[in-house]
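Shown next as structure tokens: one chain only, the form predicted alone.
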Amino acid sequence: MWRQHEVCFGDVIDGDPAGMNASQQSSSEEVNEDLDTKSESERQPSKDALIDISFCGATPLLWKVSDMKRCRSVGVIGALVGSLARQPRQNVRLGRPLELLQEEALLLEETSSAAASLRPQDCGDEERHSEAVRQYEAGLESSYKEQCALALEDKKRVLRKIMNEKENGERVSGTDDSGNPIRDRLNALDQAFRFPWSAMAVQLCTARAGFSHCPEERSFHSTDWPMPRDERLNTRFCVYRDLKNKGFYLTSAGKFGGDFLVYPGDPLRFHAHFIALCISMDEELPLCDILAIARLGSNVKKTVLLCSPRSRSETGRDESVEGDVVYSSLQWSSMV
């Protein structure tokens, strides 16, 4: 069975966060003391500078480390999605850019903390965009030829090393001709060697992507957000803003079947307490879906929140403000 009751956020914030014991609290205090030793300039970026948000389609991205630090300081988490230059063939540790949720980008834009950085190709300059594509493809072709030569030389070096080891072994054992197949292979390597295109290492043009922001590389800053504002996004944004104003940290909850994971503090220090599912007041939700998400929340030891912003007619306001979201929690019970 599942039970529904109203949520009291005060108990969560005022209580012992995430069930921390004394040792965990002492370690957190030590971390706080270490952070306090840092200079104020390191912890607090300039508040006058706008956070520069780049877009890949409708996906907001952050490239500059200073922007990432400032977002983190205001509780905007995001997720790193870029590969590391020295470890590109793994996905355990990722690097820049930082991908933001659309709700996170909208909150930064609403608080006048960020602006969209639109490149010339984003503004409809097809000719310049086509020229940039041609230059990029020419650079790839040149890089491929260079890497082919390097891979061929590396292959020859390996074969020469093996052949030398074979010849040294022949001198010791008194046998002959054991290195002839390798020598023949080395001689035919120039014609037989093939370097696949998929094995080519691709160099990222980080300067153009936004690691450096010179006036020549920047087209203009615009507060016109290149993201669609549909009813679903508005519902999610109202819930995100309300929970953020209550002091919670939010990340994506796609792998848990919800919209947001809700943390009582920084996700590096706390486990999520809630799985937020954003639905409008007039939206019908099948009972089987409610049972499924409630059971899932019980299995991962999290409370499921049904979050529904009140309609404008109920609030009498043009836009939803803090306190205009109704929360209902679902918990799975073993009683039948």
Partner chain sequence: MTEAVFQAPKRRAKVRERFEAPLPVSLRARADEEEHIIFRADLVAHHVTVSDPAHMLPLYQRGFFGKGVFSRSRPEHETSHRWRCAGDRALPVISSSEYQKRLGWARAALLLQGLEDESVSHALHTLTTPVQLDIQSQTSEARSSADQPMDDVSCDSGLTPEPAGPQRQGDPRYDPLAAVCPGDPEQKSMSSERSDAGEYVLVELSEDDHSENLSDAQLECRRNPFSMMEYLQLSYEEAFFLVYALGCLSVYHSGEALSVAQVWTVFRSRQPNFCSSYAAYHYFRSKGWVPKSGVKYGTDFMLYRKGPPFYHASYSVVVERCDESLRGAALRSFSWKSLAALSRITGNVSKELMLCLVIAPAGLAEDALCSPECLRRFSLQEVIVSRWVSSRERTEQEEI
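Residue numbers count along the first chain shown, from 1. Keep in mind the model is a prediction, meaning the values are calculated, not measured.
Below, we refer to the form predicted in complex with the partner chain, which is not included among the displayed structures.
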*Identify, from the list S112, S198, Q191, Q90, the residue with a heavy atom within 4.5 Å of the partner chain in the predicted bound form.*
Q90
*Between the options R72, K161, R232, R183, which residue brings a heavy atom to within 4.5 Å of the partner chain in the predicted bound form?*
R232
*Partner-proximal stretch of 284-292, 265-273, 303-311, 57-65 relative to the partner chain in the predicted bound form, 4.5 angstroms, heavy atom*: 284-292
*Contact between R86 and the partner chain in the predicted bound form at 4.5 Å, heavy atoms?*
no
*Indicate whether the partner chain has at least one heavy atom within 4.5 Å of a heavy atom of L50 in the predicted bound form.*
no
*Using the partner position in the predicted bound form, report whether E104 sits within 4.5 Å of the partner chain, counting heavy atoms only.*
no
_Contact with the partner chain in the predicted bound form for R171, defined as at least one heavy atom pair within 4.5 Å: yes or no?_
no
*Heavy atoms within 4.5 Å of the partner chain in the predicted bound form is the criterion; list the residues of 237-260 that meet it.*
G254, K255, F256, G257, G258, D259
